[in-house]
Ligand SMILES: NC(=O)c1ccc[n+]([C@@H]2O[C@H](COP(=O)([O-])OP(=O)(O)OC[C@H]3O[C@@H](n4cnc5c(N)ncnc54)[C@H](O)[C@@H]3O)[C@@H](O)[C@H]2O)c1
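The data below hold one chain only, encoded as structure tokens and taken in the form predicted alone.
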Amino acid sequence: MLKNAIPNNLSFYRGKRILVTGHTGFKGSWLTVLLKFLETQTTGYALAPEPGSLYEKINGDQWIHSVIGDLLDTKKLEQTICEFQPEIVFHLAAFCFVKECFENPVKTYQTNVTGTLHLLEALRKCSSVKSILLVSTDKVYRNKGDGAIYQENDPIGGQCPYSSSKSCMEILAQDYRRSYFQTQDCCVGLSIARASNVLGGRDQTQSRLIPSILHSLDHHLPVSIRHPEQTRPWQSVLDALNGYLTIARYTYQKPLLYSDIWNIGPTKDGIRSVGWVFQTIQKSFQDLKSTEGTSFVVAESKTLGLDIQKSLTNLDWEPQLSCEETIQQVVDFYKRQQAGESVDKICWEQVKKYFKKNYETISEK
């Protein structure tokens, strides 16, 4: 199969009515810019953006119709969906920081499970909806720490509140698909994307590797590295979002065939150690140093790998950026921002370059 997701997504999404939950978060902000590039009609539903966040820096309200609300506010959520009448829904809203989830399990399960329940309830009352994509995580897999590369049919379970709550969310979603969205009277596509670690410009979450490195650069301090030997699948945020767009398109067009679970991550070349990522960034910043970090209270798996063969075989998607190119994209973003360029301009140009690199006939914006 030709890997032509980019031109197909460009032609498919133009004019579509899209609802994004969690649009004020990191991935949600990048998706906001991307959907503007694709010329969709988009509404976002999320909590207010954090001070200094990517959404704030890009002045996100210029890209999307933004509704500030909580998934637990069922009345406001249902009203937003009823008034907007979306065709496609991307559910990114989540409480997703592993350390914070461990410290606040009630909020974790309320947001990730009950919040998803409220969303699905609201969507099944909306006849305009054709495709729903729920974003999960590679951390749902029952990780044995033996270097295994996990496929979609491997056991899930989770070893902490974050991964466990996402596992619960997936079970809930699959029940809703069978019970309400794909019946004799209804046929709505509903898929789950299990995504690996994403890298992109202006990620502010200090518990994650890249933000902690860039924070150390800003303050001329050594980077605190907890476990340099740990391996993770690293991918570009744009590759991940292009994967989400592709899955949602397939489930829109053929809901019975493509409503499934899909791993979205890098090729095996992108499964790299924390130490390798640090050393690769260090090549661009010779003064960058590291120090031994303190482990989280919650246990972190030593290895994690994601098998994306199912997506490569059955979808027209594949990662466009290598691990080295992904890291260089983050470094370039940081350097341009340090030189005084506006964040919204950098985001727009990186989105544009990502699509033009792989589909040269895109008209100039």
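This one's a predicted model, so the numbers in the text were calculated from it and none came from an experiment. The numbering used is simple: start at 1 and walk along the sequence shown.
Although not depicted, the form predicted together with this ligand is the subject of the following passage.
Using a 4.5 Å heavy atom cutoff, A94, S136 and V198 all lie near this ligand in the predicted complex.
In plain terms, the part of the chain that comes close to this ligand in the predicted complex, with a heavy atom within 4.5 Å, is 44 to 52 out of 31 to 39, 57 to 65, 44 to 52, 323 to 331. Although the partner is absent here, F90 sits far enough away that none of its heavy atoms falls within 4.5 Å of this ligand in the predicted complex. Interface membership of Q230, defined by any non-hydrogen atom within 4.5 Å of this ligand in the predicted complex, is ruled out. Contact annotation: G305 falls outside 4.5 Å of this ligand in the predicted complex, judged by heavy atom distances. Proximity of E318 to this ligand in the predicted complex falls outside the 4.5 Å heavy atom cutoff. Interface residue among R178, R208, H118, K268, judged by heavy atoms within 4.5 Å of this ligand in the predicted complex: R208. Distance criterion of 4.5 Å from any heavy atom to this ligand in the predicted complex singles out Y162 from the list W262, Y250, Y162, Y141.
Residues G69, D70, L71 of 57 to 73 are found to place at least one heavy atom within 4.5 Å of this ligand in the predicted complex.
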